[in-house]
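Taking the form predicted on its own, here's one chain by itself in structure tokens.
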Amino acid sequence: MEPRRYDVAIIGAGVAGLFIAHELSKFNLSIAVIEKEAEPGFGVSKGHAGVLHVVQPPFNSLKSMLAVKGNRLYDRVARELGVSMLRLPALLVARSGIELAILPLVYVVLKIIYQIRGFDISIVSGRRLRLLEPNVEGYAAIMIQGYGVIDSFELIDRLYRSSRARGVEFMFKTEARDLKIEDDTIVIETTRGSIRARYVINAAGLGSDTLASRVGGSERIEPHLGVMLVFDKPQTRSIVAPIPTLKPARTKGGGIIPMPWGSTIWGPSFAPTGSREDRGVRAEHVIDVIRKFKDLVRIKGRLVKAYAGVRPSTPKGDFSISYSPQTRRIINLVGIESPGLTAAPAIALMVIGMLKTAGLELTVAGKTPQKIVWRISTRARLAINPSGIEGHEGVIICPCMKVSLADIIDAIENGASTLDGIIFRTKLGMGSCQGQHCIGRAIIAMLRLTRKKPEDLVKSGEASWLVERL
């Protein structure tokens, strides 16, 4: 059978690959997205906290510059896609006499670097800090305006749906194994056959270095584990973190992050790991995160969840976005770790510029794309007008997060094929009880709606069955 042919093939449906697909879909191109997981955003993008960063060391790095550019683009992105985003300041808190002594120097450095880029930097006295954040312990702080928290699950879903509506073809459960150059065509060998494309974007996350090496790339990934803790109550109004030292650093060290739906995240941590697949959280990981932040904020609410993500770090600790040494028709994105979410819109524009330089003709699509009417969740409808709830919206499956049967139906109709896919799209089970009262009901609803057998339902993909197979 003749391999399928496309103008551009994107390997990886994480947030970077989805943003590239979303922007390229505005042009008259045939585009395919190849993803080994069952749904979009199930790789590296699954394990972060949704923070839009401003400060990112090293300050002269590519990821720092792209984070600033991407941060500025998110207001447009949120309007365009109707994604929930909350702009809020970050407070870098001095908790000791030594940290208080270095605060003025850190303030001057940050002001020089970021004030000219449009981010307001100021010093907050101890008295004002207590007024702003009564739950935070500290002598003083540096306030940085321009941070944000975005519903990254909603963002991923809407990038996917908008790209698909413009004609992008998605191939899930399809792993890219090899790349071969044949004249002006790139052959992608996958677990489901060969695919041909004139240009290829390798945005394969933790597997991006392996694919890049197939066509001469020398980039290497050193995976790092990041553990995050979830509390069921709000603890701060701002993103709060310890004041950083001026030593060279590859990570900001995490912080206290208020989420739009009322919970609080502590973390992430940053530690080397020998496995790209192991996302297990151990007792020592939880203890390390608690020890790091327990003197910064008084704990409110219960610790209801701990989860981990694996960062595709490079030895240099920076993004690597470059043409393949063998052809400009392949662009490799290696090491897209934190702040990859923040930088993703800017990464997409950078890649499009590189494609144009490499010879791809970009003609704005003449046809009007299929219009998407974004549905308002039952949770939002209840907040606006409780008396207007009717039909399946009145069947509440998850009381904590007010997820209805209508929300689950909408998720399945728009691509959710796993339990995690429904959770990410609806916030099912993300409240205080962490699914104790709703996961079973959601599984029953999935069975009825998809008409699958119980043994065929999976949590996130292969070998994650919800019912044991005999």
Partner chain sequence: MARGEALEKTEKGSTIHIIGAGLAGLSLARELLDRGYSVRVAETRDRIGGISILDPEASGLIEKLGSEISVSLQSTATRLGERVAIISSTGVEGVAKGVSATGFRVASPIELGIVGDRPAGVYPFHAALDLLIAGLSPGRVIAIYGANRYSLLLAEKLAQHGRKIYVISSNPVRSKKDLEILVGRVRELKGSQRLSEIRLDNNTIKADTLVIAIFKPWNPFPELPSVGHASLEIYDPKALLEASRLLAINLGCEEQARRRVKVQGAIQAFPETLTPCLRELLVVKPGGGEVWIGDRSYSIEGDYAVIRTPGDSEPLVVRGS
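Numbering follows the first chain given and starts at 1. Predicted model, so just to flag it, every value in this text is computed and none were measured.
One more form of this protein exists, namely the form predicted in complex with the partner chain; it is left out here, but the text below deals with it.
By the criterion of a heavy atom within 4.5 Å, R302 is counted among the residues contacting the partner chain in the model of the complex. Though the partner is left out of this view, P57 does not reach within 4.5 Å of the partner chain in the model of the complex, counting heavy atoms only. Within this chain, G435 lines the site of the partner chain in the model of the complex, having a heavy atom no more than 4.5 Å away. At the 4.5 Å threshold, heavy atoms of R161 stay clear of the partner chain in the model of the complex, well away from it. A heavy atom within 4.5 Å of the partner chain in the model of the complex is found for exactly one of G359, G353, P104, G394: G394. Between the partner chain and the residues G262, G118, G167, G280, the one pair within 4.5 Å by heavy atoms in the model of the complex involves G280. The stretch among 120 to 128, 192 to 200, 211 to 219, 303 to 311 whose residues place heavy atoms within 4.5 Å of the partner chain in the model of the complex is 303 to 311. Site residues E390, I443 and L447 are all in contact with the partner chain in the model of the complex, judged by any heavy atom within 4.5 Å.
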